[in-house]
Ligand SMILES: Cc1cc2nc3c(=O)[nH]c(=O)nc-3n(C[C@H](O)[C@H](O)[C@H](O)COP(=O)(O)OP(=O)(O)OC[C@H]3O[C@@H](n4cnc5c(N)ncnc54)[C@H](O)[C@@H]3O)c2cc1C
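Next up is one chain by itself, shown in structure tokens, the form predicted alone.
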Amino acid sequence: MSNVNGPGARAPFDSLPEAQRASDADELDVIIVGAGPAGLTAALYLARYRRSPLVLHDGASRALRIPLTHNAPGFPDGIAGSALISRMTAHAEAYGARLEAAEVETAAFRDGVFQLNGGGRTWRSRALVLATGISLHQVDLPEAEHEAAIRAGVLRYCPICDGYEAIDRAIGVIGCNENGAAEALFLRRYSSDITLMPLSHSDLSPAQETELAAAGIRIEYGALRRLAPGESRIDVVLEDRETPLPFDVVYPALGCSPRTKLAVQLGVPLSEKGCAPPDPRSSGVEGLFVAGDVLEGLDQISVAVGNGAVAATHAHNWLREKDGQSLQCRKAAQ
């Protein structure tokens, strides 16, 4: 970062650099990793705080795979995830945020500077926002067939997001432990036609099976041999069954893995679920803020947007304090 007042000096409080000039790339004020709803919201806020945030992303935001979401406030007719991300990207870029496709492989914090590496390149920043998201545990289908099934709406992964769209439909839930049972009970509010397939290694207790039966949820056992998705339905073929089980939609309840590799490298403490702490301010590492699905909490667009704004604001104020631009620091200097 260039200085205007001699060696080691930062810009004074009343003489901020113009948009934190992009040529000052040796040590940026702030880098954001991830370009989903959380990362792009953080980028927008930081850009409007007159920072010049750099967003590094691998193009793997889970939001890009959403065929149509009706949970994004302001879009009552729904919006495709790719369209939402495109709008959010354009919004952030309009205020000066920069996006760069890159897969960040390692992260370290030394002498007050974050260093990120990937693809033979290195980036450095004073503050860092991690919005790296999660990876779904998916059913075993060829990629093209899997994505086509998602677009057709016969394969869904988030009942909170789209259980409403499955009202009164024949719903199958694949999951071998309490997660599957809990998801089946959650979906029971939307349909009376629910079948849980805990596969061949169920962890359900007799009491839990009784609870599911009392709710009108069928249980079908057997190892999963094959899924056969079509345009308007999906067949589930279980071992030792002559005929497939037909459903309008199948929800795999197989869990997910938070993408915490960089957080772990930087020493962020993780929860029992492998997530970062739920508060975007409490990463445990000075100058590091975390946002989005990688946090422990509700994996929803609106939540990611909210804590993206929180992370960005705290990153901005943390930088202000470091530069003596906060009220407390100015009083102390008098």
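Residue numbers run from 1 along the displayed sequence. If you're wondering where the values come from, they're calculated on a predicted model, not measured in any experiment.
The same protein also has a form predicted in complex with the named molecule, omitted here; what follows describes it.
Mind checking whether each of G34, H57 and R65 has a heavy atom within 4.5 Å of the named molecule in the model of the complex? Affirmative, all three are within 4.5 Å.
Mark G133 yes when one of its heavy atoms lies within 4.5 Å of a heavy atom of the named molecule in the model of the complex, and no otherwise. The answer is yes: G133 has a heavy atom within 4.5 Å of the named molecule.
So, in the model of the complex, is S52 in contact with the named molecule at a 4.5 angstroms heavy atom limit? Outside the cut-off, so no.
Close approach of L46 to the named molecule in the model of the complex, 4.5 Å, heavy atom: Heavy-atom contact with the named molecule at 4.5 Å: absent for L46.
N71: heavy atom within 4.5 Å of the named molecule in the model of the complex? Judged by the heavy-atom cut-off of 4.5 Å, N71 is in contact with the named molecule in the model of the complex.
Among 229 to 237, 176 to 184, 124 to 132, 189 to 197, mark the stretch whose residues have heavy atoms within 4.5 Å of the named molecule in the model of the complex. This holds for exactly one stretch, 124 to 132.
Partner-contacting position among E103, D203, E209, E220 - heavy atom within 4.5 Å of the named molecule in the model of the complex: By the 4.5 Å criterion, the partner-contacting residue is E103.
Under a 4.5 angstroms heavy atom criterion, identify the one residue in A170, L262, A149, C256 near the named molecule in the model of the complex. It is L262.
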